[in-house]
Each structure stands twice: as structure tokens, then as C-alpha cells.
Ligand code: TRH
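A lone chain, given as C-alpha cells: the form predicted alone.
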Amino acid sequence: MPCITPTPRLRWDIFCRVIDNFGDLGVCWRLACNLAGHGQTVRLWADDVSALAWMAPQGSPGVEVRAWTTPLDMSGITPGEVLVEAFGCEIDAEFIAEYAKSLNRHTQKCAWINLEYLSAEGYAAGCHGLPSPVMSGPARGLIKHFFYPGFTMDTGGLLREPDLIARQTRFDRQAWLTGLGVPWGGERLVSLFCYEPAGLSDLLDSLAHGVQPTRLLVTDGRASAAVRAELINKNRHQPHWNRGEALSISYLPPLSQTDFDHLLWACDVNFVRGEDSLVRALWAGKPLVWHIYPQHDSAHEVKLDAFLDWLQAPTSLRAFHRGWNGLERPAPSLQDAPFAPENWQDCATQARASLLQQADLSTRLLNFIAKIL
């Protein structure tokens, strides 16, 4: 596994705009903490930092959180040596102007990174690391570089803490569930972190009619709201839908990033959404189902197919994903694509093993910056 090229202790400014349920902030926080763990000094700017109160209540040494206000408060601020624009956000002109001045004063090369969204599509490898000259404004003459997270050696990799596997090995499932007040009696555990998936009703029916007892652990927010709404509808129109009580449901409080990892490790199957939770589910090494964020031009279908291709997902898992995400016409149903996680474990195990052979995103980013500077 590649080691980190010797890099001086640098000051980083990471900028993030919260767009969809704090997923972008979650990625940026993990990145900031990982970089700080490598001896870097990191300032994280976000336009809504409220979620960090439950996402990362303990904070992290070496990471300073700043509110990204409009106009930007530059009082006492000197830009760091490295700028990171996360997911297409644009840093304020006044900050960029100060950054350009600082580079001139210290005769330093520009280290400006455009951190892109995660994708298994071919363009991620093709565009990873490419320069993007700035042609106008206070940054004219500077060069940004695209940095694409990805699943292969020719991309930017995935976020992973150095001690992740050791912590996972030490994890005590029973103790963690007891601490949350989840009454687990050995039944199958399934986590649910989603938006409002097309296949939710069918999944609940499948679990209720299954031979194996299942406890569904539902995350706080949109997933809980979606399940509660579906249960109201079922109880009204099919009052005996869970007559055998094969399905039990536990609603969880907001979870810190650490406890979200614990949830994925505790469960036998994980339903996830967004970029951060998908990556964490891959590290968990359990069968997973991804509720991908829908895009108006159907670009999410291509993105999902590319991920499933990389995963080498069996036919049953591909079919289930299409039903879960509502990608079939007419109205999708999981009846023809049953919930069969016993057939999905092998690809999850192999994917995790393959990824563990690669350097993580922070290591690759530090090596990339070292080459620039």
C-alpha cells in the first residue's frame, strides 16, 4: 500500500455548502479529521454547522469550524496553504484575493483542490488530477486541480481512518444495542437510512412475511418519517399485514458519525443513501442496498449502474436496486426482485477486501499536494 510522501505541516481551508441532509458536511468533516490525524491544521467552513452538534459532538483536535457567512467574515483570517472547494461550491472572491496575495508574498505554488462527488463512472478516473486554470477574477492565473474520490487505484480513493478496522474488530454489538435500548434477541438486524424509496412498502411486506424474524433499525429523520407514514397506510388498509410479528421496528435517535458506523457494523444488512453512508457501508462489509439521490436528467441511473458494475453485484441485487429506487416502468415492485441478502454477501466481502488494498483518500490527497508543492 502506498505510503504518504513526506509533507510539511500545512494549513488547510475546506469549504462546504450543506445541500442535502448534511451528507456533504459529513464527508467534509471526515476529511478534515483525517487530515488533522496526519498532522495537518484544518479550518472547515460551512454555511450550516448545526448538524455537527450531533454528528461530531466531541469535535476533533486540529480542526477548527468556522461559519461560512455571507458576506464572509475575514476578520483575523489568513488563508492556509491549501484550499478545498467541496462538491462544486465556490469560495468567496475576497477570500480568494487574500489567498492569491499570500501565494505571492511567500512565492508558494497554488494548491487549490476541487473535491468532486464520488462516482464509479469512467470519467472519474479520466478527470482525476486534471488542472483547471482560472481565467478571470482575483484568482486569474492560478490553477485548480480536480480530485475525484473513487473505487479504483486511478482515482482519489475513499475516506478511511487508520484505526477503522481495529475499531470494527473490537466492536461489541450486544453492548452497543443495549446502550441504545434496542431489545435484540438474536433476530436478523437490518438498518434503514433512506429518503422515501419506491420499494419501501414491498420491503416491509417482505420482512413481515419472511420466515426469519427481523428487527428494522430506522434512522432519525426522513427514514423514520417515511416508515411511520407507510405503517399508517398499511394499518389502515391491511390491518393484518404483520400478523405473525416477524418484523419488529426500532426507531433510533440522531447518531454521531461514530455511532452510525456502529449501526452498520451491528446490522446484517444495511440500506444506505448518499455518498458518506455508502462508503461506510462498504467498510462494514455487509450486504448493502443504496438509495441513490434522484436527478432530473436520470443521471443517477447511470451512476447506480456503474457502482453495481464495480461491485460485481449479482443479478438479484441489481434487480432489487432498480425496484428500491423506482427505476422500472410501470410502477416498480420488489415482488419480482425479492430481498435475498444471503446472495449478496460475497460481493460485499470481496469489495471490502479490494478497497483495503488501496490507499485511502486522505493519503492520496496528501501525496497529490506534496507533488504540487
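Predicted model, so just to flag it, every value in this text is computed and none were measured. One rule holds for the numbers: they count along the sequence shown, beginning at 1.
In what follows, reference is made to the form predicted in complex with ligand TRH, a form of this protein that is not presented.
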Would you please decide whether Q257 lies within 4.5 angstroms of ligand TRH in the predicted bound form, comparing each non-hydrogen atom pair?
yes
So, in the predicted bound form, is S248 in contact with ligand TRH at a 4.5 angstroms heavy atom limit?
no
Partner proximity in the predicted bound form: D24 to ligand TRH, non-hydrogen atom cutoff 4.5 Å:
yes
Is Y293 one of the residues lying within 4.5 Å of ligand TRH in the predicted bound form, judged by heavy atom distances?
yes
Testing 310-318, 51-59, 337-345, 34-42 against ligand TRH in the predicted bound form with a 4.5 Å heavy atom criterion leaves exactly one stretch, namely 51-59
Residues I19, Y117 and T219 are flagged as a possible site; in the predicted bound form, is every one of them within 4.5 Å of ligand TRH by some non-hydrogen atom?
yes
In the predicted bound form, the one of D276, E85, E81, D202 near ligand TRH [non-hydrogen atom within 4.5 angstroms]
D276
If you check Y195, Y148, W265, W112 against ligand TRH in the predicted bound form, which one has a heavy atom within 4.5 Å?
Y195
